[in-house]
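Form predicted alone, single chain, as structure tokens, below.
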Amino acid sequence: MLQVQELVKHFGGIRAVDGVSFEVAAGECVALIGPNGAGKSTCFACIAGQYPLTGGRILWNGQALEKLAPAARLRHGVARTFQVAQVFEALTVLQNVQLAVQASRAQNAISAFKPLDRQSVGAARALLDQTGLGASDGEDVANLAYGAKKRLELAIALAAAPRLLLLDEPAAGLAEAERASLMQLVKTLAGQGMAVLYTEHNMDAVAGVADRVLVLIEGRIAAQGSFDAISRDAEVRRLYLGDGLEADGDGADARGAAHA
């Protein structure tokens, strides 16, 4: 279980995150949403290890993470993706994942005497199949459509066999059909027992995907619950979602996106 306890992050006199607490359990998919400037990107970066905390604690399965570098967090089973996909454009799709698999195996490090193309082929192909990229394994990453690059970055993150997956706006820049397909994959990963926390602006990537939604406004959790519950919260609608977003009785209609 991920436990975020009274997380605080200040930049000079600016309180970007001001006492945020929540938990994410194994098998749970949780979305962190909020308007621009709400502090969600800062909160996410603190959890992922890009920013040191001003105060508070971050625990993963009882292990304190707040003083660990991102690489050390990865060794504890915490992987992340970025809003803009971070991939190796000079390599092929398969080589990207082979490199990630090899990097995750300390006892089987990349060898200068063995061509990359012969290392961890089976494991890499399995991850590409899992993320829907099996047919693109030999393509140069530089030639991939952006949606495929987002899937490739996810495959790279999964190469470390994480138990906690942190996704920074996984649907950003994707068309509606691509968003739906990718987010269904994310939901499947949570259903297999992985803890998933993701930030998002597109509400159709939240409705029907997130088991629980956290709404961050002015550095604090303003509301949390199912998508249906938060979409009906008067204060959340006033400060963030607006009145254009409608949810039916199943919390299923999120045709609009919230714009900050």
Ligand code: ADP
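All values derive from a computational prediction rather than experimental measurement. Residue numbers run from 1 along the displayed sequence.
This next part talks about the form predicted together with the ligand, which is not shown.
A.B. asks: Is M203 close enough to the ligand in the predicted bound form to count, meaning some heavy atom within 4.5 Å?
C.D. replies: Heavy-atom contact with the ligand at 4.5 Å: absent for M203.
A.B. asks: Do P70 and the ligand come within 4.5 Å of each other in the predicted bound form, heavy atoms counted?
C.D. replies: No, P70 is distant from the partner.
A.B. asks: Tell me, yes or no, whether G37 is in contact with the ligand in the predicted bound form, where a contact means a heavy atom of each within 4.5 Å.
C.D. replies: Taking the distances in the predicted bound form, the answer for G37 is yes, it comes within 4.5 Å of the ligand.
A.B. asks: Decide whether A16 counts as a contact residue for the ligand in the predicted bound form under a heavy atom distance cut-off of 4.5 Å.
C.D. replies: Yes.
A.B. asks: Spot the stretch among 39 to 47, 62 to 70, 227 to 235, 189 to 197 with residues whose non-hydrogen atoms come within 4.5 Å of the ligand in the predicted bound form.
C.D. replies: Stretch with heavy atoms near the partner: 39 to 47.
A.B. asks: Taking the ligand in the predicted bound form, which residues of 46 to 81 have any heavy atom within 4.5 Å of it?
C.D. replies: Contacting residue: only Y51.
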